[in-house]
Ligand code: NAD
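Okay, so here's just one chain, in structure tokens, the form predicted on its own.
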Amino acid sequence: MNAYDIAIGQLERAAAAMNLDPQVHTILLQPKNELIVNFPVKMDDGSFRLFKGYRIQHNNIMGPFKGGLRFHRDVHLDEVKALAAWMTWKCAVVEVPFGGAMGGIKFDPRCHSAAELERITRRYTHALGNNIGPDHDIPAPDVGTNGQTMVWVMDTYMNFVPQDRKNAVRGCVTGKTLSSGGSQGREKATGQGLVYVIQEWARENHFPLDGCTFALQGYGNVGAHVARLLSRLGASLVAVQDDSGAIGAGEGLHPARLAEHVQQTGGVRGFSGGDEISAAEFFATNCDFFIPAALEKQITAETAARLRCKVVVEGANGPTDSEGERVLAQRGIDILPDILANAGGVTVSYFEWLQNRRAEAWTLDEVDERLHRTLVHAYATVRRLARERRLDNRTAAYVHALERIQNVYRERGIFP
């Protein structure tokens, strides 16, 4: 199954659980718009290369399209469609007034200079033109992109609009650097939100976080912030895997030193504070929380059978395929699903968008307090639905999202 098959399978389970209106069901099975752009970029050596980019706009009944921009060698249409659909459900779960979208360019950003990355980003933005914008479709960082990428997108978009509107469109992207209109707390938002969700699970299950253990797949922006934040609560990071390899340490890995090593070398491999382990050993690490925070389809039937944890907390989008989820259910391992667990990023993106529109700058305490309140409410709603209707957490989260979307379609109708 590819990522979009998995996303549709999750939708079908929830639709059956709640008797989703047939017309709404039909609409949600495919994105509203699928944009594919091919654009040339001049390389540093003077040669030209053609790049393929995507922007999938899944649904905007709840508000402007919203979703990340991914730079990765494996970007493809069905992956981007799945990610856009997950954004639709995610925004609805946390009751943020956005719809779902996703974009990407198929290439490996690590093989290009900063100057080439800037030209690639700007040409992609130019190719999309007015298919994005602060009231229509609002990109944000994802795998392979960061705040600097978003500033390049913003600046390019600003040059499409009249001189007197340039500052009014600062919210055409979120996840920007602070100096260019970003929000306090946005960089750590996905990791911070995930930790808030873990705290709610721990409170509900009377489970002490001080002294617990966790394993992380991926040590980029999300993984590194999760590691730091959980360690401050007394948790111990015992294993990490990324595309360079895997490391473990029974006594715990030092999050800050590991982050420095990854920044210097590009991966966790070779970190002196841990021992190299195999992929099989990584998945079999004994821990309380297993946190996939990398790419899709990492927990399969094979890897799910190896896990030795109490709960899987999905920091990535779509990390668990259908067979993997079935195995986890059979083994009694809880899942805190992606559309709830990693919704901190889009929530603070919404806060950034609001600040840009209002010409405001909130403090970090304000952002964190609003994020905490939003995710505590979302977690409580999902868990209440799960208990009342005897659903697993993922299906309950989908049902919450779909009921909100369905109510809007019922009120507005379908034009004409």
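One rule holds for the numbers: they count along the sequence shown, beginning at 1. As the structure is a computational prediction, the values presented were derived from the model and not from experiment.
Here the subject shifts to the form predicted in complex with this ligand, a form of this protein not shown in this document.
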Q.
When the contact criterion is heavy atoms within 4.5 Å, does R170 count as touching this ligand in the predicted bound form?
A. no
Q. Would Q241 count as touching this ligand in the predicted bound form under a 4.5 Å heavy atom rule?
A. yes
Q) Quick one: is T300 in contact with this ligand in the predicted bound form, heavy atoms, 4.5 Å cut-off? A) no
**Q.** Contact flag, T174 vs this ligand in the predicted bound form, heavy atom cut 4.5 Å
**A.** no
Q | 4.5 Å heavy atom contact with this ligand in the predicted bound form for all of R70, K90 and A316 | A | yes
Q. In terms of non-hydrogen atoms within 4.5 angstroms, which of the given stretches 126 to 134, 186 to 194, 162 to 170, 302 to 310 touches this ligand in the predicted bound form?
A. 186 to 194
Q | Listed residue that, although this ligand is not shown, lies within 4.5 Å of it in the predicted bound form (heavy atoms), from G147, G248, G181, G220 | A | G220
**Q.** this ligand: the contacting residue among M158, V151, L209, L295 in the predicted bound form [heavy atom, 4.5 Å]
**A.** L295
Q: Heavy atoms within 4.5 Å of this ligand in the predicted bound form is the criterion; list the residues of 127 to 162 that meet it.
A: P141, D142, V143, G144
